[in-house]
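One chain comes next, on its own, written as structure tokens: the form predicted on its own.
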């Protein structure tokens, strides 16, 4: 391959690293593909670090040692997150979203690629240092958000089902109590899905009392694994006492007043 100019190498670095976030690439990988000296590449990476940091596009990190290299960490700046949450709250507060029974219509948001991409980046940035091995969600509405989170953490996505499927082989099934309906429900996961002693991040679109999360925690114990973090798009203010204590919620839903057509919600992140 012919030698590339610096601007060409920088453009290629940005493309390759951002396409595979949280993936370590060795310096030799780029040296061989760009046909340049290692010292030249090091200068390129340092320049790229400054550009990414200045524009608040995340972070470029170098790892020393034999297994080291360079990777892109897809974190968002504070102002960008503020804007994302402001837009989400404005959209979700539209009275037309109120459904019969006081439910909130949000399907269009959680299936919007650009929106869930931003949410995935925020969730990944929050748990990037937790050494997560899997992102876990429950079918079905949480899947898009969980998928983007898994992409930016560069880990597999695991989907827990409501019932077992023959195509997934033998499964672990547990019963749990739904905090919202107070009914006993079932969740199922293939025995091959998760390795023992894994750390997982549970991601979902909505949480009320935390019954589903408690079920996931118990299910992971069957795999001798641990729920290292819980991330939800929306959690309700009530009940205040939930089945879990520690969780990360982007938006807090205070109330849905069906008669007055009012949706009261606020960002779940506090900005100093």
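What you see is a predicted model, and the numbers here were worked out from it, not measured in a lab. Numbering follows the first chain given and starts at 1.
Not on display, but discussed next: the form predicted together with a further copy of the same chain.
**Q** Taking a further copy of the same chain in the predicted bound form as the reference, which of 174, 177, 99, 93 has a non-hydrogen atom within 4.5 Å?
**A** So the residue touching a further copy of the same chain in the predicted bound form, by this definition, is 99.
**Q** Out of 252, 14, 24, 262, which one falls within 4.5 Å of a further copy of the same chain in the predicted bound form, going by heavy atoms?
**A** Here the answer is residue option 14.
**Q** Pick from 196 to 204, 125 to 133, 138 to 146, 82 to 90: which stretch has non-hydrogen atoms within 4.5 Å of a further copy of the same chain in the predicted bound form?
**A** Looking at the partner contacts, the answer comes out as 138 to 146.
**Q** Does any heavy atom of residue 119 come within 4.5 Å of a heavy atom of a further copy of the same chain in the predicted bound form?
**A** No, residue 119 stays farther than 4.5 Å from a further copy of the same chain in the predicted bound form.
**Q** Does any part of residue 190 reach within 4.5 Å of a further copy of the same chain in the predicted bound form? Heavy atoms only, please.
**A** Result yes; residue 190 sits at the interface with a further copy of the same chain in the predicted bound form.
**Q** Please tell me whether any heavy atom belonging to residue 169 falls inside 4.5 Å of a heavy atom of a further copy of the same chain, as the geometry stands in the predicted bound form.
**A** Although a further copy of the same chain is absent here, residue 169 would touch it in the predicted bound form, with heavy atoms inside 4.5 Å.
**Q** Answer for residue 244 alone: is it within 4.5 Å of a further copy of the same chain in the predicted bound form, judged on heavy atom distances?
**A** Residue 244 lies outside the contact set for a further copy of the same chain.
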